[in-house]
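A single chain, nothing else alongside it, follows as structure tokens in the form predicted on its own.
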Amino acid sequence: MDLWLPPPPAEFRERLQTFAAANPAARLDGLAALASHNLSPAQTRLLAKAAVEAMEQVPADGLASSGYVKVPIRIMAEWTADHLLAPLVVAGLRRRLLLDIATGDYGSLHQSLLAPPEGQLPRFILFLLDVDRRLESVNTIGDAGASAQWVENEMAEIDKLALRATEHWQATPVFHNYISLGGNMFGNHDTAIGTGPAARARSMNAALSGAAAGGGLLTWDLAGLAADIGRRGLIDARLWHHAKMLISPDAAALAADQLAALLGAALGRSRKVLVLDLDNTIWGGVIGDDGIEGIRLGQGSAEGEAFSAFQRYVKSLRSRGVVIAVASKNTHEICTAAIRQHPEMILKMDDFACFRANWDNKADNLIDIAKHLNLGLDSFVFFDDSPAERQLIRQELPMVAVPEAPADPSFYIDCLAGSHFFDAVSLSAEDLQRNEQYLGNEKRRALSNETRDLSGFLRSLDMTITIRGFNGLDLVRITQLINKTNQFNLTTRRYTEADVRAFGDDPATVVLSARVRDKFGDNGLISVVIAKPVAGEGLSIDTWLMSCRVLARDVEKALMKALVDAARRRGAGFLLGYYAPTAKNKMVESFYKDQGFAPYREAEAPPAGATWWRLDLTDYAEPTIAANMEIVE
């Protein structure tokens, strides 16, 4: 299917049968491991069937504790997509998404949307539009005004469908972009003349991208996939005319993986960290044997230029917020000297948030890097040219994503980009500053090691904690935090940007966000609190989350004080807190107890393991906070 997936195990069917006898959670883990292979269509169908059966057997609270998330999806289609369902289930499983897919009536988008939703509401509604009919519905050749009007009319319908999906079904709408099946009307000058179907498709896609940037919908980039593999590779014209099958069976797995990556990114499931080997990964040759002069990098050879291109790509990932680290079996001093001294080296030491060049087991090094960054291993991607090292990580750390690096470095970029592990649906200011924030953490850690008194250390940081409501400029970052934060997250509820905007606009709901700056730099927006009114003149904390990079720095105390003050201004007499345990948030199990809350048993009965807490505001004791506090009304 793709460059980045390893071939399936020879004993695929035997493993599938073995997993069938395991308990549901172990079965899902085994099936997810099988999903991370380049499967044949027959293997994909078998695995999808087993995955659907397994997800039906795991209780909802079991899913939360196992790291999987069940995602109901509704497909509303004007073209045939049955052959996409199995690849989509498998591609979701690859990302620990259990996609529960339902289909609406074929060809009746508006009628299906107006029908009363039944059962569980979908998290996403996927609209599969007959773009051929739409593009060919009018002839605008030579008439730029008519072409622009067609785009405006199409977007008006898209907006109407998206609004109904959002308001009536409480779902995020997903639209694929437009591809002209007829190709360019004017050949090489189609873009210049700009009034044929292909030109209108490009204009339409630009409009869809603008709508997606505004947060109202998601765009599945089929046009980008067609550009990558060729329009004829994506669409078989015979199958389109015979069966209204827009995506050919040969391209189904690629398209499904691209779609699953989009849904995963919207749910905060994209990876955050790229861990690289060095020898034959970012340069050619073995630095310990060949020396700085002997490694192949940059001008002078095709191989050296391929490694330079890969370094540039990695650098671009870093610039958009992916954390870069190194785990290499090498001598530290030799490697760092090469990075600092080689004239063609594009990646510099400051580009790496962690650098582990030693002779330790790479699995141990990855565990150490995860602890150092305070990030889960399931946010890691490990890229190494050695098949043995890749197999080691897959076996010892199955939660780490391990692309199958090609033998030729010319294809490294295609491999990593094609994996879609770092897909994003938004870009915030914090994304652009992330690596600098981790470098600042290194300086804070060094200072902490020199200081034995915690309060003295916190005072020495000269921190300023700025707390405010939801500013429109921060909506992207707030939504990112809500959908990505797992460890310091008391309820792990996920919301769309539209939801976040609605919370901020509701005068009865208390919304707080916190930024932290110190003498080493700006940590950015790192915490979010949402509290809703409840009967009895109180507030119930719906969401409380915080980035782990500012743990134990009094941010939670400052936010609690701000929340109590806001509750009192609204006449509230108490706060309710809810803790829902997951596989990752045990660290906040005692959070409410530590903040002075008492167990509360009069609220609705929580699921197994979850707890309710209550704080009477008359009992609140204002804490000592080792930071400057700035409250922005």
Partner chain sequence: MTRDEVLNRVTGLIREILDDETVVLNETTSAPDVPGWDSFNNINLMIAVEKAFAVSFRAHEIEALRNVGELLDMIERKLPNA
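Computed from a predicted structure; not experimentally measured. Residue numbers count along the first chain shown, from 1.
What comes next is about the form predicted together with the partner chain, which does not appear here.
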query: 4.5 angstroms heavy atom contact with the partner chain in the predicted bound form for residue 117; finding: no
query: The partner chain contact at residue 83 in the predicted bound form, heavy atom, 4.5 Å; finding: yes
query: Non-hydrogen atom contact residue 583 with the partner chain in the predicted bound form at 4.5 angstroms; finding: no
query: Residue 598 within 4.5 Å of the partner chain in the predicted bound form, heavy atoms; finding: no
query: Stretch in contact in the predicted bound form with the partner chain, which is absent here, among 40-48, 26-34, 563-571, 590-598 (heavy atoms within 4.5 Å); finding: 40-48
query: Proximity to the partner chain in the predicted bound form, single hit among 249, 142, 183, 288 (heavy atom within 4.5 Å); finding: 249
query: Contact residue in the predicted bound form, from 133, 242, 371, 493 (heavy atom within 4.5 Å of the partner chain); finding: 242
